[in-house]
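Taking the form predicted alone, here's one chain by itself in structure tokens.
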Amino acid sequence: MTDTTLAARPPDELIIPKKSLWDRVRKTAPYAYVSPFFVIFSIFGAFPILYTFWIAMHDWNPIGEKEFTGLENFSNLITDPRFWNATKNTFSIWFISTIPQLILALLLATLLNRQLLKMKTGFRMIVLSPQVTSVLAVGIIFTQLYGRDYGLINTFVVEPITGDRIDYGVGTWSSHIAVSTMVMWRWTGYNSLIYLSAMQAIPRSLYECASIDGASPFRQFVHVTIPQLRSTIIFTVIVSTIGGMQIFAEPLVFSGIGGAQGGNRRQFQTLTMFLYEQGFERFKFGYASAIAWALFLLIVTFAMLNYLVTRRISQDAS
């Protein structure tokens, strides 16, 4: 067939090649590869969240009947002083534990990144050891350390200086400090290794240029290391925020026989402890689900605020 004949042929008579089976498979294969994540997330992520919201709209005792109450649980939660007390305690413990934790992790990572340090692998294993330690064991040990009568901190630190002993489980700030040190001990090494991996990706040429210009190690740390770690610092701040809002095991073990109330005056009861108390000690599943949704919204909101603030700071610094 010549070009003239093909040009004179009507458009509907042109032969359009059909897509082969391989072309269709190639276009649909990426969706098949990522579909397991969405299926698993829908079953174990999205469905529990939505079902929790449905339970929150009921007055449900597992040994009784389920009664639809609408948004009553949420309205009761807003006016419940125990909820606001747990929220205040959660933010207080998060603030006391997270900021010193990240600063210590950054300094520890800088020390581990030094070229003259020997036995680097051994030190890194030691730093990561709190991660493989049971939370229950950590809580028991720190509870003994902060004991009023026989605790080592009172015996060797507080009493020689002040002449008195502190009952850490009774006071609000003292209990927050005690719980925060548990969190710091457990997560400082983890964050330091994240910082260390990011530091090792910084080009050595930047430090060499800074040394040639006469910058001291401290100025290199401030003007080279910190700017190069901005994205990593933002990541650790957000992850620490999410984890700090869900703190549960450390204050629960520290409370001992007090259960999930967090002391006789609820002085260190966190939101997760309050949720556990209402759901599994008082069997108010509807009210506990409302607390879970409030905690979920707080985590999302506070994580986004942290992200926006830290991102704005990093942009201003650059």
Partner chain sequence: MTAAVEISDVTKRFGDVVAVDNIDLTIADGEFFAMLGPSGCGKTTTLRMIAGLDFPTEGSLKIFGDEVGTLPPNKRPVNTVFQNYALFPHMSVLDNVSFGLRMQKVDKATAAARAKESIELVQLGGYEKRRPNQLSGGQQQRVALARALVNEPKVLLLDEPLGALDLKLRQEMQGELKSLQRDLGVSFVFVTHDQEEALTMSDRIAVMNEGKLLQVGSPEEIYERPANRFVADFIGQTNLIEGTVADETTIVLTNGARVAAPSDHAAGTAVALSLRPERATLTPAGAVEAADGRTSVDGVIAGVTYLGNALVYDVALDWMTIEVREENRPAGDRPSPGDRVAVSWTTSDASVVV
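The shown structure was predicted, so the numbers you read here are calculated from the model rather than taken from an experiment. Residue numbers count along the first chain shown, from 1.
One more form of this protein should be noted, the form predicted together with its partner chain, which is absent from this view; the next part is about it.
Heavy atoms within 4.5 Å of its partner chain in the predicted bound form are found in exactly one of 178 to 186, 162 to 170, 226 to 234, 240 to 248, that being 226 to 234. Only one of the listed residues (L206, M199, V138, V158) places a non-hydrogen atom within 4.5 angstroms of its partner chain in the predicted bound form, and that residue is L206. By the criterion of a heavy atom within 4.5 Å, P81 is excluded from the residues contacting its partner chain in the predicted bound form. Residue contact check for L145: none of its heavy atoms lie within 4.5 Å of its partner chain in the predicted bound form. The closest heavy atom approach of I212 to its partner chain in the predicted bound form falls within 4.5 Å. Mapping the unseen interface onto this chain, R114 falls outside it, with no heavy atom inside 4.5 Å of its partner chain in the predicted bound form.
Counting a residue when any of its non-hydrogen atoms is within 4.5 Å of its partner chain in the predicted bound form, there are no hits in 234 to 249.
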